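Before any questions on binding or motion, here is one chain by itself as structure tokens, the form predicted on its own.
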């Protein structure tokens, strides 16, 4: 499977955020997206998820060489940094409903309680209305939607910042389990997390995408290479 980003351009008024960004996510795996504040990471994710269209360029998904096609509905899951959940439902009600519409029990055998426990939602909280959940708890439930639905491409914006140590470790293990069947792309400012979890690192800088040599990821030179790329990467920009 390949996700092919070709010459994406996106502007907001006179501000051009993406300037012909191209990159081929050439196989299933975990990709880290690094960039300075204001580099356009959220804009890129919004274009990939069809939250809004690019001004020009294309994004195609290819499950085999003969079948490249534009990304369609259901191909991309986007875990937003600001979670959106149906607050009139309890955590358990929502996950049970989502399991029913996706048919997940036939795939993994996990129950609603299994999934909620996976992301650290305590038993006492599972039957509370989600309007009373904290930001971090809502973020966990939002992430469950895409872990259960398993679209081929999953975008994660700072995915582990609201998780405690145990839940974060469990989530990293689950992402590793998923990586052989999905293209997982997450933005992070934490270099240690990127080196620990990612198969490949991509940097968004000056509106363009650049791959970091995978051979550097687990070497002492990795951090300096990132700094060299981003040193003049647009400090003070405002990201749309």
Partner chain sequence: MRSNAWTIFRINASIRGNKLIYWLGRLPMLRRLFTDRLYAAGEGKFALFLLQNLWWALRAVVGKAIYLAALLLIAAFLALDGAGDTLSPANLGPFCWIFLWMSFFIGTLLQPHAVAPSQLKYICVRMMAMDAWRYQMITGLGHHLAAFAGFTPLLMVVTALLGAGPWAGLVVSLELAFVRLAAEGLHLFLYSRTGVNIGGKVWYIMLMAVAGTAGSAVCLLALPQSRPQDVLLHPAVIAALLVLGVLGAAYMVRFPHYYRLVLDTCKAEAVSPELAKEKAKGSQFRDVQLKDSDLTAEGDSRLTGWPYLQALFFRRHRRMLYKPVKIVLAILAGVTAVGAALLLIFRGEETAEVFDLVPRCLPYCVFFLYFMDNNVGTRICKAMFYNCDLALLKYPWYRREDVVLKNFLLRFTRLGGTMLALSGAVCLMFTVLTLCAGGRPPVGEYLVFLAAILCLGVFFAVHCLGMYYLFQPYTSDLQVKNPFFSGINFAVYLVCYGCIQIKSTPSWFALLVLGVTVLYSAVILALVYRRAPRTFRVK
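The shown structure was predicted, so the numbers you read here are calculated from the model rather than taken from an experiment. Numbering follows the first chain given and starts at 1.
A second form of this protein, the form predicted together with the partner chain, is not displayed here; the remarks below concern that form.
Looking at 196-204, 44-52, 23-31, 169-177, the stretch with residues near the partner chain in the predicted bound form, meaning non-hydrogen atoms within 4.5 angstroms, turns out to be 44-52.
When contacts are judged by a 4.5 Å heavy atom cut-off, residue 164 does not count as touching the partner chain in the predicted bound form. Contact annotation: residue 114 falls outside 4.5 Å of the partner chain in the predicted bound form, judged by heavy atom distances. Taking non-hydrogen atoms only, residue 125 never approaches the partner chain to within 4.5 angstroms in the predicted bound form. Shown alone here, residue 76 lies within 4.5 Å of the partner chain in the predicted bound form, counting heavy atoms only. In summary, among the residues 137, 71, 118, 145, the only one with a non-hydrogen atom within 4.5 Å of the partner chain in the predicted bound form is 145. Contacts between 11-32 and the partner chain, taken as any heavy atom within 4.5 Å in the predicted bound form, involve only 14.
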